[in-house]
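Just one chain follows, in the form predicted on its own, and it is written as structure tokens.
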């Protein structure tokens, strides 16, 4: 019971926190881009968009910060045995993330928010770019820690203490899983940011609150749509590389993603499969011949190992050690199968909306009167956010039953001194807190998205005598 509740708490806190991460990374790039464009061409519309998107970015940054702190708490409370076992390795990238990346993000975001008219313009623009670099660095170090869990490298098990110890930090930072996961995650974040820019601009084009602002929102919508399509291509290419590495180091995760029970050459990719309730007998399937083999191995005739063969291999290899023994080495198939497809499907649908938007807004058109336009603008903004969440669910559940693949099972990492009642209590508290935060997030986002870009206020001319004091004694 304690293990199940701890896993639910991890799922709730992690998935909720990760809703804000790609938005924060992606939007910070667009805020920096529009602010830089204003510095170059002095077009006030670019400045207005930078400030407009900056408000949406700040809301998500604040919510991401709060939910990240809660996530750290549940780690310490529910997974103490895991922390003791791997803390020397896991703690290093997370400490750098907190000391370096988060310091850059929070410090320079503060300078950007309060620096308007107070610091030199070029330095002011540099602040928001540093914030964006900080978000990428934060993602890199956190993904390095997670990649170690997917494919452990650069460590040894101390036979005296029974703990994992770091032997090569560079190997951890350049883990082959990390080298494909980080670009995939970064492109997915840019896709998310572009979708938010597109969705917010599409909504304003439909409302037509201020007619003179329509060219500004049309430009922003086209920028968002083009960036969305480019980022979508990056997601697809990096995802293909990630699939090949996953097939190499975590073949069970790939088999679970496809619900592939038997080892096959020239394996087909399942677009949709309906099977028996136990998932072992196929009823209806729509497949693309040989595509899974190509995605997994780079060869249309390549071999993809099935669940049954891998289960037998893992039982023979891991059942003798209490730290690696598990009742089954197969993840929950419906969860991995559908989260994998929802991740891909929502990303592809978003790219499709980007192409549709470019076609509708072609040739200077700003008309968006169709009834379905507001619904589409909300859907395109939320689609990549949910796609990222399903990608994270697939990444974590597809690794089960492992906390660290091949080294440490999930049940071995749960805290022995925390009762089910205590975990349940904290789970209820966190879930309630997150529900309140969700109401705040949605309310603030709708409020500022509906308000749109504020007009630039003219600075009143003041004499030197009227200027505020900079220093007095």
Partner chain sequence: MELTTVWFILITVLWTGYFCLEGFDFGVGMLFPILGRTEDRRRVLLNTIGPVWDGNEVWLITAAGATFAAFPHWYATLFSGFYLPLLLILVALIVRALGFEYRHKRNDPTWRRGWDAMIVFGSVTPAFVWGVAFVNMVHGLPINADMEFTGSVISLLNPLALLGGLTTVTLFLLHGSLFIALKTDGEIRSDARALAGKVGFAAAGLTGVLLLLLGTDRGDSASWITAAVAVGALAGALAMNGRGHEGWAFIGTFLAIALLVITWFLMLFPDVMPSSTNAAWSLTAENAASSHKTLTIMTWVGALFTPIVVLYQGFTYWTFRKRIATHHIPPAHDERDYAPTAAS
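Residue numbers count along the first chain shown, from 1. Because the structure is predicted, anything quoted here is derived from the model rather than measured.
Absent from the display: the form predicted together with its partner chain. The rest refers to it.
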| said: Using a 4.5 angstroms cut-off on non-hydrogen atoms, would residue 429 count as touching its partner chain in the predicted complex? | reply: yes
| Taking heavy atoms only, is residue 36 within 4.5 angstroms of its partner chain in the predicted complex? | no
| said: Against its partner chain in the predicted complex, would residue 434 count as a contact residue? Criterion: heavy atoms within 4.5 Å. | reply: yes
| request: May I ask you to check whether residue 248 falls inside a 4.5 Å heavy atom distance of its partner chain in the predicted complex? | output: no
| note | Per contact check vs its partner chain in the predicted complex (non-hydrogen atom within 4.5 angstroms), the hit among 292-300, 106-114, 324-332, 307-315 is 106-114
| request: Using heavy atoms only and a 4.5 Å cut-off, decide whether all three of 126, 350 and 411 touch its partner chain in the predicted complex. | output: no
| query | So which of 94, 360, 342, 171 reaches within 4.5 angstroms of its partner chain in the predicted complex, heavy atom to heavy atom? | reply | 94
| Selected contact from 373, 269, 338, 102, since only one has a non-hydrogen atom within 4.5 angstroms of its partner chain in the predicted complex | 102
| message | Where, within 306-338, is there a heavy atom within 4.5 Å of its partner chain in the predicted complex? Residue list please. | response | none
